[in-house]
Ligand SMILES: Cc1cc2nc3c(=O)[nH]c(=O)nc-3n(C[C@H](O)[C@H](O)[C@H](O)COP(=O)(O)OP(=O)(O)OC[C@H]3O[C@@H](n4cnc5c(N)ncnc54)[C@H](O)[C@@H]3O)c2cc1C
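Coming up is one lone chain in structure tokens, specifically the form predicted on its own.
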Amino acid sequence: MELESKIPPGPVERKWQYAKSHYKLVNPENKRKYDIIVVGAGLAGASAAASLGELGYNVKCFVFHDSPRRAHSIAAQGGINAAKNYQNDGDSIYRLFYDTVKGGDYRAREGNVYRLAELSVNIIDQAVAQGVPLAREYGGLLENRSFGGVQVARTFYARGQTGQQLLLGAFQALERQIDRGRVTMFPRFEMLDLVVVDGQARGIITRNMVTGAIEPHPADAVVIGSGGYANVFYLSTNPRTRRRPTGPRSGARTGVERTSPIPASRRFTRPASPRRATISRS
């Protein structure tokens, strides 16, 4: 199997400029004829669904939880980076691109990371327009701080709740499109498979988590914004399944009770409370 990332050709700083200049556009009057499926309703899914709905497409948004606000995007705390160079300390799109690739242990796709660095400037403006209460200086300007070991101050933050506030902003934009009838929500739906026709995604197969029904959903395009499989990482804020301990002291194989490594003579035992001893139920 060959993985094709579909990254545009050319130098890394011109890849997406070339792509934007050569992509086919959809007439505004024809956008209402297209159905787009968005899987996930976190920061990526909710923002994508709200943006596509704002453009005029018919959007179906599927989420595993009972509400988009249950997404794990609330776990982000430190902030969001953007190469706005508000502090005038020499920041640039290339520096953000380099720091991101280096922070990813040089395993990320450089073309996509450069596109992320380019759009970082607009993402902050979109978040502010959605009402995200990012930290501000005394004069009212957006505040930056140095975060993650970089040599510039480019992190926009909302105290220790950056992810939660960004999610609330995206959720409100999504709710606006739902009210306008351009986005239809499907909560408690699990995606089982992707429908591919002639090499293009044309829908998904879902399971209704309430009724258990298996349902197909056709579309003209599919956007996957469901996050990643975080359990592959050793350090993660996602909840992990508790594994039963195995080893010589666990007693998992022999059925023997686990012994304490502390000698009995050094163990601390809580003395009985004298007040508790005098209480009588009669």
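Throughout, we count residues from 1 along the sequence that is shown. On a predicted model such as this, the values are computed, not experimentally measured, just so you know.
There is another form of the same protein, the form predicted together with the named molecule; it is not shown, and what comes next is about it.
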**Prompt:** If contact means any heavy atom within 4.5 Å, which of 136-144, 182-190, 169-177, 103-111 contacts the named molecule in the predicted bound form?
**Reply:** 182-190
**Request:** Counting non-hydrogen atoms within 4.5 angstroms of the named molecule in the predicted bound form, say which of V132, A83, A76, I123 makes the cut.
**Result:** A76
**Prompt:** in the predicted bound form, does A41 have a heavy atom within 4.5 Å of the named molecule?
**Reply:** yes
**Asked** Are any of the heavy atoms in F62 no more than 4.5 Å from a heavy atom of the named molecule in the predicted bound form?
**Response** yes
**Prompt:** Is there any non-hydrogen atom of G56 lying within 4.5 Å of the named molecule in the predicted bound form?
**Reply:** no
**Request:** Would you please decide whether A127 lies within 4.5 angstroms of the named molecule in the predicted bound form, comparing each non-hydrogen atom pair?
**Result:** no
